[in-house]
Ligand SMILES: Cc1cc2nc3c(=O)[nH]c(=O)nc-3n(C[C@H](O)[C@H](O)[C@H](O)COP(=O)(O)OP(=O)(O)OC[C@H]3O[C@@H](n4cnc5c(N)ncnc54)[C@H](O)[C@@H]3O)c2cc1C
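Listed next as structure tokens is one chain, alone, in the form predicted on its own.
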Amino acid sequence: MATGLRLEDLTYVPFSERPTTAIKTGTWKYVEPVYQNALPPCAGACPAGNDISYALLLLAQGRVMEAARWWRQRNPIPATLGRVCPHPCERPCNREALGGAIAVHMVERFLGDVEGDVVPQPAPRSGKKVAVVGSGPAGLAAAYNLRLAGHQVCVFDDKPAPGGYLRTGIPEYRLPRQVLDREVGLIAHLGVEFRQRVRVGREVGFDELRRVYDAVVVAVGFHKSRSLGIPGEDHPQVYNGVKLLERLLAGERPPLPSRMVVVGGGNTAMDVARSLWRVGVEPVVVYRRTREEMPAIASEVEEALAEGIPFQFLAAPVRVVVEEGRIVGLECQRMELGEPDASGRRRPVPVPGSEFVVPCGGVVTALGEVVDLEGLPGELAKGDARQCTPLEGVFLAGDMLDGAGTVTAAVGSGIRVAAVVHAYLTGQGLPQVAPAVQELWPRPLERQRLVEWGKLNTVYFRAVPRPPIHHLPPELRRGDFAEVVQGWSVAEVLGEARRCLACGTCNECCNCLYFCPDVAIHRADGGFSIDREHCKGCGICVQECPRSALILREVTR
């Protein structure tokens, strides 16, 4: 018969009075966790290299001024980009599956509009001087970053005021002039000098710039329109879209026909058509492909349709119809889509015998633009991967280099060229390739580790809908260039920032601390530290991190 077991009978068990921390369980591990910032899909897709998720994390914590300063570390025109960028960052956003992608453009716009001390302080003066030719987005970004690096910068431009195509080609209903003026003013306040109404190659020689300045950045952009190449296009009522838009945006109201055809499917075509509609003209857009192939920003096409502007898709102009000296129509031919061309879009192919006439009193060409190098050396057409030219100390930025065609890409190009020029001026030597904009972030990250949906622990996230974006009603837009897209309140922006999943960035959710079975994770310096002597490399913290901000690496002894 068994008897009861008493505690005093267990005296042979070796109890220890030493704490469990005395047992260094970390000595036998072969892998260990490491906190490592990774690349969120949004920032990976941003041509300007904005550190989006970290700025949203600051906003989610209510640190508005810090977020505004963070956004301007490299990007001088966030209020502008928040209004005109096609926001490619939103397409790969992991939030899309849980309520809709983060409205990054609305947040960027808000942070750009924040008043106060938001611009970083420049480094001490280097004694080096840089000339920037062109005051468009690439030129502004290059000048801003070179000035922050401590160099003396002068921007030369042939227009009355800085901004390039931002001022002469983007209507105020998209980009109010006071917004652009303020951002240019912040750049000037840093000490960047602007010399307007000075065309390099005419009022000042290019060789003279090279003699006076230690480096020259050419960022003249695309401003020269392509022609139609059809009979009748030399008629005085066939207008160059870029030049006509510049006149309208400068406040001119030239006498125009009551009905005009706008030929093209890009952003210039949309801006021309919507501007003509506002000054009382009835525009018709003719485009040789379908709506799906249009290079224009999708939201701009939607706004044009909402304003009642008609489109003729799969139609290409073949002749301007002139009777008794007056334009009475544009003869077009129906097209069908064939095999993809070099752009990746299906090539439009004429349909025999399908000619028709679009009645109109005038035609506007908006077929895309090319660079105008009149008065400048031909070597400027030969940029390389370093954004250098065959001319010593001369560099390129913007559309003339890569033809990307967006304001955001131009800003990114200006940021990259500033890094190359800085290396050149400080004797560091030229890189083999201009650095990616993400490499220039002020915080370190593993750029090769892109945190896509499958790398998140999504059990911790729930669906939260994206807030609505408000627009000026179409019936209030006729005859008025007032801004169409309305900004968000502070509450809306903070709410949107809190929807961000902070992919690849630790937001101090404490999962790692709570789940560690060895109590080897501790708070330290505004984040967490790992006690290497007691972490046994089980990987639970890595598995439970919702944002993939932790990785396991092999222990090297």
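Numbering starts at 1 and runs along the sequence shown. This is a predicted model, so every value here is computed, not measured.
Below, we turn to the form predicted in complex with the ligand, even though it does not appear here.
Contact annotation for the candidate site: V133, A219 and V407 all lie close to the ligand in the model of the complex (heavy atom within 4.5 Å).
The ligand is not drawn, but in the model of the complex it has a heavy atom within 4.5 Å of A138.
At a distance threshold of 4.5 angstroms between non-hydrogen atoms, Y424 is out of contact with the ligand in the model of the complex.
Among heavy atoms of V464, none comes within 4.5 Å of the ligand in the model of the complex. In the model of the complex, the ligand sits beyond 4.5 Å of every heavy atom of I187. Just one of L180, L445, L245, A215 comes within 4.5 Å of the ligand in the model of the complex, counting any heavy atom, and that one is L245. Out of the listed residues R259, R319, H471, R199, R199 is the one that sits within 4.5 Å of the ligand in the model of the complex by at least one heavy atom. Listed stretches are 286-294, 347-355, 146-154, 398-406; the contact stretch with the ligand in the model of the complex is 398-406, by a heavy atom cutoff of 4.5 Å. Looking at 252-288, the residues that come within 4.5 Å of the ligand in the model of the complex, counting any heavy atom, are N267, T268, D271.
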